[in-house]
Structures are given as structure tokens and as C-alpha cells.
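Two forms of a single protein chain come next, each set out by itself as C-alpha cells; they are called structure 1 and structure 2.
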Structure 1
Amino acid sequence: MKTLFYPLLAALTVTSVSAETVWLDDLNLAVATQDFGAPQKNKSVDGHALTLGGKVFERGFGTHADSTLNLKLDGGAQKFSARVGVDDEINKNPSASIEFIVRGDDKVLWQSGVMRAGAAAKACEVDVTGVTALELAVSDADDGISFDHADWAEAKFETAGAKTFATSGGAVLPPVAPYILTPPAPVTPRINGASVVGVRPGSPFLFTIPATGDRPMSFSAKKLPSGLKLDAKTGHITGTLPRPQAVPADAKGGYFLTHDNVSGNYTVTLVAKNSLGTAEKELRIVCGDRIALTPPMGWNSWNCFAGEVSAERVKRAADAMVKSGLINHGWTYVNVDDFWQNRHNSKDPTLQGAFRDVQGNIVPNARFPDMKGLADYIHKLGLKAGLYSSPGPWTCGNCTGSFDREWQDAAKYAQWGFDYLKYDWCSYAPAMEARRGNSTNYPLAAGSWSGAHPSSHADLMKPYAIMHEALAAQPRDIVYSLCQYGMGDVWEWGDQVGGNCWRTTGDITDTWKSMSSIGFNQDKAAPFAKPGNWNDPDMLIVGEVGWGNLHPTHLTVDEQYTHISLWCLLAAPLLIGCDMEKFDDFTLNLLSNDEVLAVDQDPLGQQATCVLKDGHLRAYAKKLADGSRAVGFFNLGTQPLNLSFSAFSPVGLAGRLTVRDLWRQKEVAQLNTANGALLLAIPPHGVVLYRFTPAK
């Protein structure tokens, strides 16, 4: 088993008798964690000169809320000073609001108060005498991270002789060596993945039977409907299903549907066979108006490659999905995020060129010379392909968006053969404001989220409804993912504009603060989750991530178990964000536990909610289609949690139950809730994930 690398201390403390000044920018800032972009030395987060309130500073640290940089002082410093504020590069955008916080040995030593764009730099001077561990943090002031570009300018330490200090990221807990809980899949065949799939009449159908076990393996299907065919070697099911025909049933003019099943439901028995045995599993194919009947599972390019994505990298990710075996666990989509288009005023020659051709069709950049060929390549592997755009004129990365070209772009995506669209809000609101002022000079989408928040649901819904209408008219199914950060409680109206899933939050980063604050605050959206409609708390942050600056995730091993467990309980779309070619054994095992994934893919489609809070303990319960319940017991504290648990009523558990540990894939107890108790041992920031089934 390979060992995960965690950020290490970047330098050793060296002392002498002479007084010293240690500049923050002389230390290793790359290990800092932040919720957008990469840490910058002597530059703003967007790479410009550090500028606060019109004044330029030569030295400092440019970052983005939420941000954390930890320093190991060991009593070697006497004073920390800096000039702090919101960098002028965001042009006084009213969305920007941040607070700088200095903590020493877990105590707050200084706070800036909320600072906004355009304000003069504020002086930060802190006595750090005797401080062992110092934390420099930037919070989003509790209103989201939009345009929160933060500068620690002229940041330095006065010391009694120390010449440098160690820096590290935002980890709350010390690293733990990876440990694998899930046993290997058996060598005999086992069919995994979703038990229901939706398709619209006439749309191309593609489903790969996800089966583990020794190869070679052959596949067959019982009661496969007319119009579909199965490749016995690959397990790929392809074809189309017709719309049911309504014909007169009697002389009184009644009608019935001529179909294998009048509801459009087909129950197919999938069969996988190798030299060691045979496995069967029922798959329900629903031919109707709804798709994404279980949360989408796949990969997205943003969290690893960001603006450095290319067709070759996407192809290699698709190859890795197959080679790693993840395809055999139900992972399906390979999605290209931003930067497949040409970019406004780019200095990178691979992003330069026409935005659209003479017919108005969107033009891919030089990194993506053949979009149809890319989609075909992915399809031949038995996978599906996804793409990214914006309802505004520019994407978040200032590449070409779909503003006023929705129908043309939707037709092009379908012609190329894409199966998924992430539609990101960036630049739409300022474009509409410009249009209302009779201007066609649409602002660029600088910053992490762009544009003022609209004032009404109608304004929020309009661009998504337009693209939905265009997608619905195409001759193929395209899963529609609304990315607008949860504005206007999107879960309440996302289905009305044709969304299959919708972001409920801002962008996630690979820190405990980001992941936990998102994951444990999804209850308000839970009633709106159902087959075809999924609340999306953003992508997975396990493995090697970095948004163009790759590094092993900053989450501890136990935090990663919590991350996957919680997202599956939440019935969330599961989109891997790491470099697929750099899987270690732990990460691959984390993503291939079929019993855990089955909680996410349960056909009932209910989202778990928090049913119990007790100190640092949180219990999340989810009702499953077979009448059992999946329950995650989470420890939000920094110390191990050991307890005898008997509060079964709030969790919805009663009677005699079989208790199964889903990560270890084994039964751990027979329980009678009337007089029994369950012993729980939960590591810091960790989880115990059980399935409770009524005993026969």
C-alpha cells in the first residue's frame, strides 16, 4: 500500500543571539489552504501587485478567503505585523467582505473586523512573545467567498534571533497513516451500481454493467427490451427505446399503450459470468421524461487541473476510470469543466482564437481539436461525457459562455455527443445589467463567483429555463447541473427549470472547515431531493487535488471517510475531483466500496438528515428502498469518541435489527432497541457508517 503524503513543515527554526526580521514571504506559503486560487508570494491572488486602498505594497502574501496558514514559532518571535485588506484588483465589488484573524496557541490574538473592497489597509500589530503555534486566517465574514481577495502586505516577524519559521496548511488534526477498511471484491462475479436508470424515448442509451470479479467475464441480459442490444464481452448496453404508441382499445374511444410495459418500465435481469461463478442483478429501465434517477457518479476536471485541462488529460482520466476498475463500481461520467473554450485576452496561445465561427457556433480552443472525437472516445470505453458552460457571455475563467446562444450551443453539445452539462452562473448578472442599460460591453467574470446576486427568483430562474428548453429539444439525454451556489434556495425551484442537480453551496476546498461546514448544513434542502433531482454539495476532495497546483488532499484519513460517508448519505452527485492517474491504494479503496456507494445510489432517492446532536456527536439517518436505514455516526470533535448508544427512537430505529458495518462490509451486531445498546468508537473527525435492517 502506498503512503499518502501530507504537507510537512517547510523549514526549521534557527536561532542566534542577534535580533532578526523574518519576512512572511520568505517562508513557504504554498502550503497554505484557501477556498479559491493558489497562495501568492508578493502578489495578489490573481497575480497582480499587492494594492490596498490605492497603495501598492512590494512584499506580502496574496490569498483568498477562507484561508489558513499555520506557523511553528516555538517561542522564537516577539511581534507580528502586517497591513491587511481586500485587494483593489476586484474593483470595489460590493460582494467582497473578509475578516483577518490571528490566533496564537488556539487563542484569538487579533481581529481586523469586517473589511470591504476599496478600504485603506489596516495595521495589524500583535505581540507573539512565547507563542508556540501561530495561525493567520482569513474568513469570508459569513456571506460567501465571492471576490474575497485578501492581502497580508508587509507581513513580518520581529525575533530575538530566529531567522526562519516553519509553515503548514490548515489541518486541524495531525496526519494519520492511511488504513483500509473495505475488503477486496471477491474474484467471483458481483454486479454493482444503480438498480434503476432513466432514459427518454428516442435518446441514445448507454449503460455499462458494473461488475467486479476475475476477467475474462461474459455478460448477458434476460428480458432486454426491443431496441437495446448487449455486447457480451464489454457489458455495454446500447440502442434506443421508442415512445409508447397510443392506439384505440375499444369502440368507445378508450386508449391503451402498446409497450412491453404500459408504464414504460422494463425489468431486466443482468448476468455476469466468469470461470468461478455467475452473478445476477435486476435493473429497472424507466423510459419516460425523467433521467438521472440516481445521483450522477463520475469525474470532473476542475479540482485537479482547473485552467490547465486538455483533451489528452481528459482521455487519460477516462482510461484511468477503466484501468483502475472504478467503472466496475458504477462510476460513469467524465466531465470537462471550464477552459475548453477560447479565453478573453489570454496570453496563452492555446486559449487564443475566435470565440465563435461565422455561423455563430462556439469554437473549442487548441487543446480540444476534436470535441466529437473526444466524446466518441469516452463512449467507446462505456463511459459518458460531460461539458461546462455559463448562461453569461463569459465563464468563471473568462472563456466563451452561452449568453444569447443557448439553442445553438445546446445543439452543438448534442451533435458532439455530450451527456452532461454543468451550467455556471458567472457573468450572467452583470451582463443583464449591461443589457438593461442598452450596452453590449459585457463585464468579464473576474473572481471566484461573478456578478451581483439577482433580486428575484424570476431573474435567477430565467437563464436556466432557457437552456433547459434548448437541451430538452435535443435528440439525446443531457444531464443538467445548475451551478449557482445555492442562491435563492435553488432546491425549491431547480426542478421547475429542468435541473437534474443543483449546487447548494459555494466551491469546496480540501479542508475540514470547508467540507464539514458544507456537508453538515444540507438539511434545509433535503425535502427537495428525489429521483431526477439532487442537491449538490460540490465535488469530492480526496486523492491528489489542487486546482492546477496538485497536492495530496489536506483532509486526514478519517476526514476522508467522513466525506464519502456523508456525501453518500446526502444522496449527492459523486464527482471525483482528483488526478485519476495518481490513485494510491487508500483513495482507490475509498471510492470502490459498493455497499457505501449503494447508499448514495439507493432508488428511493431520499436524502439523509441530522436526527441527533449530542456534543460532538452527529447522527444522520437515511431511509432506503428495502425498508432498512443507513445511519452515519459522526464525531465533529478533535478527540476520540467512545460511547454506549441507545437513543434509537430519534434515529427512527425500533425492534430487532441486524447491524452491518458498511465500510468493513460485515455484520457487527444483532440488536433489540427495547433493551439493547450499541458501542460506538469514532475517531476524531471520523465516522461509523451502519445499515440497520429489520431482523427476520
Structure 2
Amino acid sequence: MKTLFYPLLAALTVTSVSAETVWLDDLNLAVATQDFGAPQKNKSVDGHALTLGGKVFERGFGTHADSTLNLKLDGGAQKFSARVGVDDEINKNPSASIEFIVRGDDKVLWQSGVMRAGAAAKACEVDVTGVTALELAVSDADDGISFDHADWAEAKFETAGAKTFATSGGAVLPPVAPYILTPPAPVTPRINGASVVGVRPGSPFLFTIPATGDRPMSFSAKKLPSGLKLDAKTGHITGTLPRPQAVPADAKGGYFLTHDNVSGNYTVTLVAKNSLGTAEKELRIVCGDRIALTPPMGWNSWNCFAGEVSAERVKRAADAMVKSGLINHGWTYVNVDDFWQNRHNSKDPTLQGAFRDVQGNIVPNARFPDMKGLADYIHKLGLKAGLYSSPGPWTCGNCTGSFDREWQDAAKYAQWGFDYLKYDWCSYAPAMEARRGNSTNYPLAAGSWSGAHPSSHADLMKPYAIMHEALAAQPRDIVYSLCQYGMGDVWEWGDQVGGNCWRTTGDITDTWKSMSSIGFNQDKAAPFAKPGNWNDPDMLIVGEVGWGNLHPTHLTVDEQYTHISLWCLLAAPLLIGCDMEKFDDFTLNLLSNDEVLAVDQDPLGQQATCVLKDGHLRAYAKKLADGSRAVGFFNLGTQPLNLSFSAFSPVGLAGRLTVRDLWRQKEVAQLNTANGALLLAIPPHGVVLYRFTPAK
């Protein structure tokens, strides 16, 4: 069988300083694999002087967990030594925790134990006599990779005369040539996207009919409630709806699914027409307290632009969402992440300036000269606009946060016309301590995040409840996205503080390890997903991503199919993280398969759970509103998986079933679960995504 691993070996021509000492930084470090940023010679991962516990080191290897550097010593070295730790550049952020591990010929030779920010360098001295293959690894200490900036300072070998060693990174799957599975949308009209939408009484309504098919196309709607109007050319539905007269006595979260024609619950027939045909689809508009009745779909600036975002880039992203046709598949939100505000002690002139004006209103930075103009621009395209802040005085990027200004900020967002707020915990803990009088440290200098995170639910909920109240009082609907990485099992109480979605994990990055360890560990939160409340395993990492350093995603093609299939099964908010001006056909295709997206947008709002684990096989099943099941069969292994699958009970349906391949959009089998079997061929780290429907 073909082997799927191959080492990234790099031949070297460098000479060592002396015959006895080979400095690690003289070797080829560029081949090291790491889960964030690029390997650095004599610098930290962010490009600063290597600094551990206040001490600066001239030489060494700056990296980021999870990191692997393999060295072919072939018995040529006697000793490896280094000074290791978390680089000071992350300002004592408590999220950082890493472990340095030295392995020789697959045996652990040395481990640092868990190291945290601010600690002095630890001495690593290892006897490597006779070792053939040495691995220098940094793990995330099993708590996610946020802020895990790792330095191997003063790292060097004592040798018996060897002058250099070949280096390679960790094992990775070989690249897979892109292959497109989704058939092109028909030229006749087809209406895609969510079939239910929530709006609060009196809030401005905006819904763009997502329709594929040749243009020009004209739109109409049957039974559109008075108060709403439809633009026949653009398909934009706008207006406001009145407060419902009566609410059914048994009204609960999902009542709109079962009770038609109650006040505030409108079933509209959308119609799209072109010269080749006409399509119709029902849309349920539910006017009540709850919004985000299906997971939000859109784009966010962080995974591509991070601290380099600007209003111009955001407008271009909005344009790209329209020009690429994504708007025709239900993609809606265009969200600005951190760095629209001014930044504490920034050296960048575009981030310098007052944090707030004399009335206390937040001041956007020079890259965002007209916030209302930006939101208007996005709305004119039929899209919605999103923004970012923190309940602490400073955001995670050291920009102005909302601490003590929640009502004023919420009012501003609404005046500007924003429809979505991501509210990110950073710096809240020390502010809370200071407020209680346990510290004299308030107002906080940016980056002083050393306060311990609270463990009580009440403390964790408080800042989110305050902003919720402020948002709820605004005359517009603002989707509320909690970002605190899952602390205190946020899924259990996120709804109580008005959250529409909540991050369940630390930050994602574009590696298999990051994506799979997040995506395949969401079952605990699954019971809490429902219309209006979504577990958020973080934003998408397909396309050109890079947090200010754009590069094609490090996920293989099959890993990307896995990523999108899994996020849709998980009923996750889908926020594209790439530069949408740089779409290639493959990425666009991944994001525009309407049958796959329909799994995410299914109105029942259930989250898939793992129903089968067998070796490298994982099956995730999601119950859909029409009684069918979406099932993803994933291969976590590095070899192709071919199997005959006949144990249907975990799928949750029995009898005669129609099986449809959602990526290929075609029926693949009719079977009876009593005696049928499905042949599954799943590529390494790949998926097949099926919908099982009881046969009529």
C-alpha cells in the first residue's frame, strides 16, 4: 500500500561555529511545523527579541505550539541544551501554557512540565549520545494553542565533530489536488438558504432572497405581511413588523415550527423568476423575541486580516460576497473583528488617537472614518454588518473595550446600523477584580490580563448579561455572539444572558490538529443548540487565511471537506475567515453547496453528535426537520478507509431509506436497513456526507 507520510527533509550546507558546537539557529528551521505563525531564527514567533522572564537571549528558535522540529543526528551529537519558556511578548496572558518535549528515537528524554507566561527560562540539558532521530516538540499542554509563543533560546548541540544536522517538520499528509464535488447550480431559478427567520417587533427587517439561476431575475412574494416590502429587482425584503397581538399559551422556543398562523408567525411564499423558469419556496417569518433562528452565515475579518483590517477591506469583502455569488446561497453577515478602534500604545499611526470623545462615545480608528457609511454600504448590497468589542477595558488586541460603557456602545452600534456583536472576554477578569477593590490596578494598562478568570457562573455571566440588556434595548436586532472560549461551560447558561451563539473553544488555526480537535469534541454542548442558540466552534479556515499573513489554508482538500461538513452537522455559525477577493473555484465550491448548507440551516436546529466510533471511523448524525438524518462518515486516519457499512441503528432510522450524497447532490442508494449495506470510501482525513430519508 502506498505510504501517505513523507518527511519534509531539508538538506543543509551551513557550517557550525566550531567543530564542537552546532547552534540550532544555524540549521534550517523553516521546515518546522507549527500551529501558528512561521518558525523564527533568533526571534520570537511575532518577530521580537527572544525574551523569557525578562531576560533577552541573542540566539535561538522562536516557534508556537503545537510545534515539531525533527533532527537527523545519526549519533553525531552528545548533548543538547537550551533555555526554554513562553516568550514575554504575550504580556503575561494567562491563556498561554505549553510544554517542551525532547524525544530521542521515539523515547521522551526530557520534558519541561507545563510552563506559563512570565516564568523564568528553564534549563534543558539532555544527553543525546547515540541518538539517531531527535524531536524537539512544543505541545499546547492540552488546553488549546491561544498565546502559546514558545522559545528554544540558546539552543545548541555539543558534537563529536559533526558540523550540521538535517531538519524536517512533523509528519503531514501529502497535498491532495483540489477536486470539485458540487454540481453547478441550474440556470433555472432556485431559492436557497434558511426557511425561517426571526425578527423583533419594530426592528428593521432585512432579508435578501438567496436565489441561484441566470440573471436577470425578478422576485415576488405571496402573503408578505403588511409592513414589509419586496424590491422585485434585488429580492431585498425590508420594513418592520408590529408586535404580535397574541402569543399562544404554549409558546416555547420552537413553537413556530408546529403552530401556523399564530400572531407574529407569517408564512410567505417567495418567488424567483427568470426567462427559463420560476421557483417558489416557503419562508417563515417569526416576529417575536428570538432572532438567529438558524445559525448566522457570513464572513469575519479576523482569520485573514487580523490587525490589518480597514473599512475599505470590509467593503471589498462585502462586494466579493455579492460578486462571487455567495449571497445567492444565504451568506449574509459581513463582520468587522478587532482593530476598528484605537489601540493602546500603538506604533501604527492609523491606530493612534482618542479612545473616546468628551461625551464618552467610542472613537473608531483612522481606518474606519465613517462607521454609519460602512454599515449603509453593506446594507445596500442586501447584507448585514457586524462589529466586535470586549466587556473589559481592552480587547484581545489592546484596542478600546466596552467596560463601563456598555449602554453607550450598544446605542452607538445601533445608530451606526450594526446587526451583530462579537463580545470577547479579554481583560475583563482583572477589571472585575479592580472594581471589587481587590486591586488598585484600574483603569488598567493594556495587556494587564493577569487576573485569574472567575470560576463562578455568576461572575462569568455578569458582563455578558449587562451587554445583553443594553443590546436588547436598542431599536434594531443585534445578533449577540459571546466569545469567552467556553469558560464555565458557557453553553449551559449562554441563553440566560441573551447569547445567540457562544464560542465553545479557544482560537482555531488552519491545521488538521486544531480543526479536528475542536470539531470532533463538541458533543458536550450539543443538547444546548436550538433555534436562537448556537454552539460556536470558531470561524472557518478554508481559502486564503493567515491573520495578517495570507497563505492558502494548511488543510488538505479532504480536510476542508471534513471541516465544512462537520461545521454544518454541528449547526455552527458559519463565518468565512478567508480573503474573499482571493477565492479559487475549489473554495467557492466548498461554500456554495446548497444541500450541505441546508444541513447547517435546518429549522429544527439540532446539533449532530457522534453516534459511532470505530477505529479511525467517526459517524456524526443530525436529525433534520423533515424527519431525515444528515450523517457524516469521517476518516480520522491517514490511510484511505474502505468499508461496507451495515450497522444502521446509530443513524436513528430503520426500514427503507433513500441515501443521497450531499456533496455530489445525487442519490447513491435505496436500501433496507434490515439487510442492506453501503460501501463507503473515505479519503484520509476526509468525509462522505449523506442524507438518509425514509422512503415513501
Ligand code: GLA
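Since we're looking at a predicted model, the values are computed, not measured. Here, a residue number simply tells you its place in the sequence of structure 1, counted from 1. Take the two forms, find the largest set of C-alpha atoms that superpose within 1.5 Å, and that set is the rigid core.
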> Quick one, which of these two is the form predicted alone?
Replying inline: 1
>> My question is whether A119 is one of the residues whose C-alpha shifts by 2 Å or more between structures 1 and 2, given a fit on the rigid core.
In response: yes
>> Given a superposition on the rigid core, I'd like a yes or no on whether G53 shifts its C-alpha by 2 Å or more between structures 1 and 2.
In response: yes
> Core-aligned, does D143 move its Cα 2 Å or more between structures 1 and 2?
Replying inline: yes
> In Å, how large is the CA movement of G76 between structures 1 and 2 relative to the superposed rigid core?
Replying inline: 10.2
>> Rigid core superposed, I'd like the Cα shift of Q34 between structures 1 and 2 in Å.
In response: 4.5
>> Please give the CA displacement of D66 between structures 1 and 2, in Å, after core superposition.
In response: 2.8
